[in-house]
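As a starting point, one isolated chain is supplied in structure tokens, in the form predicted on its own.
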Amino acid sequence: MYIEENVPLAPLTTFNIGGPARFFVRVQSLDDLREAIDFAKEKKLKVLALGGGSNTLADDVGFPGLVLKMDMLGVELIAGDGDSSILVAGAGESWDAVVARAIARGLWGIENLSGIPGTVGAAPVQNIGAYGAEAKDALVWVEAFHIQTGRITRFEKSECKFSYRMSLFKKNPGIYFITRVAFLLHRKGTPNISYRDLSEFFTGNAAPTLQEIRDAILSIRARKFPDLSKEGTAGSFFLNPIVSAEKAMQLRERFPDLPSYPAETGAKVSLAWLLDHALHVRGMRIGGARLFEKQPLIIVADRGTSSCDVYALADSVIEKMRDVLNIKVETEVQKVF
């Protein structure tokens, strides 16, 4: 294990924003992880796990502790009962590469999560989701390293406390470092194309193949997502708000076309729709940061943009939603400072 000093974080995130990490190490094994944590304890440093940097906004001043770049690799396919298989992947594996691998093997279960950037280890933390599916739908277990005890614990799905973009690991930052994740996949599956974009794409085709679903999702995402070669982003910056049933009814009376979906405590409403049709802030800019013209949930940043500009724009959106619509909006992106 080699510990580096003053490593710029900007090139390690898709926002391409951020100052240096005081200490930085690439973790490729459990031994690396244990050694890195011992170093952090000895130096009394804050510790941050970094995957693909696709859901991260690093502050311009950098991070004063130790950043662990989780590069633990390995993919294993274990035959299960009947037509099922369990896919086990290391935390540092590319999420989308794992999805593509499952599809190439003819395995159903995570195809709707195609095209999501980042690593496997980040998937359960955020309970990533898209196009009517979430990571928890196929997840079997998560193995994680406990920073205080140094032990590896396997968490079954029921123990991970999953909800909308939330998990046990996100609720307890800096305590667990995910090392491996397992997913239950099947050779026989039913296409999940109920999400509006997909149902419209597959009009007249009720039984698309795995590859057709992946191709459709990649095509739809490409139309909505910025070109990372030209500007930075972390994808959707905000969570769709979950409101009470009463509030949802009030919103639908005021905005009949507002998309909404059932949630555990009411309804999840489309923030993108509200930003566009109720607040009319699509394309709103502060400094080098703006709400993306094709999808206002996304904040994009010009090259050289300050993290302060992104924070200011996000705060402005949150304030407008509170003051105009009395809706609380939360951010999805992890802030590093």
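As the structure is a computational prediction, the values presented were derived from the model and not from experiment. In this text, residue numbers run from 1 along the sequence as written.
The form predicted in complex with a small molecule exists for this protein as well; it is not shown, and the discussion that follows is about that form.
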task: Using heavy atoms only and a 4.5 Å cut-off, decide whether all three of L66, E93 and H146 touch the small molecule in the model of the complex.
output: no
task: Counting non-hydrogen atoms within 4.5 angstroms of the small molecule in the model of the complex, say which of L48, L297, I37, I286 makes the cut.
output: L297
- request: Identify which of K224, R101, R252, K161 has a heavy atom within 4.5 Å of the small molecule in the model of the complex; exactly one of them does.
  value: K224
- line: Answer among 243 to 251, 67 to 75, 124 to 132, 81 to 89 for heavy atoms within 4.5 Å of the small molecule in the model of the complex: the stretch 124 to 132
- prompt: According to a 4.5 angstroms non-hydrogen atom cut-off, is D32 in contact with the small molecule in the model of the complex?
  reply: no
message: in the model of the complex, is there a heavy atom of the small molecule that lies within 4.5 Å of any heavy atom of K171, even though the partner is absent here?
response: no
field: Residue contact check: G232 to the small molecule in the model of the complex, 4.5 Å heavy atom
entry: no
- prompt: Looking at the partner-bound form in the model of the complex, is V281 within 4.5 Å of the small molecule by any heavy atom?
  reply: no
